[in-house]
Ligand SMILES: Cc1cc2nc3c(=O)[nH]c(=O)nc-3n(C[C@H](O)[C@H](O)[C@H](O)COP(=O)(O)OP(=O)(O)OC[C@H]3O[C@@H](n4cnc5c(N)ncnc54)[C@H](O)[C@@H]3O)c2cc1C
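One chain follows as structure tokens, the form predicted alone.
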């Protein structure tokens, strides 16, 4: 590939580093600008669906994820009072994917694997402590302003990819609206080494309860559980040791006190950028869309965005496609985010928090019927594992 200015990627999260890896592997010079001094640590995401594992496999990343991660062959939807409503066997997807399961691995353990893979290429570079502060663009490229350790300076690039989170500096510089809403409650996340699998829970489980629903999943060294809390309440009302202990005892009675190794709260949003592309600038991951974590689709969607977008940029730089290829990226990725990810993640949350007794019973009956019918269960898994949405996006031309 002839000499060219690098593609500048803002953000060294999973989306940004995946885009950088795809670009570098294709021979495109790429520079990642990360505002933090080291790789960011996010203690929320950590569940990977089959399409994500497929996309990262050609780079050797999926194999390394398996070395460190936890395979999840089954997962449950439960009711707090009635117990297991449906126990999904991911083996129903064995003819659809080489990875008929979920894989759990903390996001902050994935990003070093991606960075290691990127560093195999001489045309890759990363600048830590370097935050994008603005950008301008013309027909030939982009000029990105950054605040770096040595002061403010300008970088010249062929394209810029904003993969810099829900407060995206790139999206803000482009003036793109982040449309949607914020859920009224916050999420309380607790991490404990207690083995809930020994208590009958699968390694991923969603527990419906109108008063206190929860989501739980097993990571390599701990279990992580998320509960709803009132963001306006005093922190002691849900963060204090006795309050945390009572919550966990309601999940599963334990003779000894639970060991809690991490606790935090965060607000949850459902938002999609009004546009993913503007000129030579494009958004991916949380910069383009955020959703509640029920279903584990946010992190996976970031990887899917990155692979798609990087492929379009490579085609343009090689002269195999015109700038309209970025429009195809938006047409493939933005509608699928709205029609699948937003819809399914909102559905999942409303299912576990439903208060109306009649509606709750209808949900229970529907889920049991799905679990009793292998074809219905398989269709449900194709959606929940993101296989359907990736296939539907690929049909868009």
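In this text, all values refer to a predicted model and were calculated from it rather than measured experimentally. Residue numbers count along the first chain shown, from 1.
There is another form of the same protein, the form predicted in complex with this ligand; it is not shown, and what comes next is about it.
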- Task: Find the only residue in 205, 282, 299, 313 having a heavy atom within 4.5 Å of this ligand in the predicted bound form.
- Result: 299
- Query: Just one of 61-69, 368-376, 32-40, 352-360 has heavy atoms within 4.5 Å of this ligand in the predicted bound form; which?
  - Reply: 32-40
- Item | Every residue of 44, 131 and 164 near this ligand in the predicted bound form, heavy atom within 4.5 Å | yes
- Could you confirm whether residue 266 comes within 4.5 Å of this ligand in the predicted bound form, counting heavy atoms only? yes
- Message: Test of understanding: in the predicted bound form, would residue 107 fall inside 4.5 Å of this ligand by heavy atoms?
- Response: yes
- Query: If you check in the predicted bound form, is residue 228 within 4.5 Å of this ligand, heavy atoms only?
  - Reply: no
- Tell me, yes or no, whether residue 293 is in contact with this ligand in the predicted bound form, where a contact means a heavy atom of each within 4.5 Å. yes
- Item | Partner contacts in the predicted bound form for 8-42 (non-hydrogen atom within 4.5 angstroms of this ligand) | 10, 11, 12, 13, 14, 15, 16, 33, 34, 35, 36, 40
